[in-house]
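Quick heads-up: it's one chain on its own, the form predicted alone, in structure tokens.
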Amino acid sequence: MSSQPSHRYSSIAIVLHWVTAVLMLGNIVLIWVVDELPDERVRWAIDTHKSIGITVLGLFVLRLLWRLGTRPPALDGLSAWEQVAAKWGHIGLYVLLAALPLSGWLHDSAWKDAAAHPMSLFGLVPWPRIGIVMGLEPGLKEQLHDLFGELHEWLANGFYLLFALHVLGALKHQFLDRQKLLQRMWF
């Protein structure tokens, strides 16, 4: 892995960024429309949402490992406050890319019917629930299910905000400031 500065992100960083972005957008759309689906499609939508979440968690780990060993391009042309905002915005997005799937996994593991409905990634690979949560007393599990569900929603709302700011910031720099920042994260 390179520690040399560049004006562009590496190909691996670009692929991980866009695959994660597409999966997150898909998951957002999926969960927003789940209540509009016919009853026979709801379980599929929820299971797909879980599978995408676990996939995003895996991609997050890969992104973090890559990011720890590869210096990102410098934020040339941005004011000091914009550089600080970009840094903290990226840190916030990274935290949420880990916390959202983990809170969803905890929420799912505390579901009272989890044992009767095995989880699998995209219907192909069996995926475990979190055993310590599964083994809790039913009343406590139900309380935790509600708590983790609320946490997951709060984190999702935080993600929507940071994601919107991230996109708006990139578009502002690209089109209003004419700084060509989008080319740094494009193929």
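Residue indices: 1-based, along the sequence shown. Quantities reported herein were computed from a predicted structural model and do not represent experimental measurements.
From this point on, the text means the form predicted together with ligand HEM, which you will not see here.
When ligand HEM is considered in the model of the complex, Leu162 lies well away from it, no heavy atom lying within 4.5 Å. For the chain shown alone, Leu16 is not a contact residue for ligand HEM in the model of the complex, no non-hydrogen atom being within 4.5 angstroms. For the chain shown alone, Lys141 is not a contact residue for ligand HEM in the model of the complex, no non-hydrogen atom being within 4.5 angstroms. For the chain shown alone, Ala21 is not a contact residue for ligand HEM in the model of the complex, no non-hydrogen atom being within 4.5 angstroms.
Proximity of Glu82, Leu93 and Leu181 to ligand HEM in the model of the complex is absent: no residue of the three has a non-hydrogen atom within 4.5 angstroms. Taking ligand HEM as positioned in the model of the complex, the only residue of 118-146 that brings a heavy atom within 4.5 Å of it is Met119.
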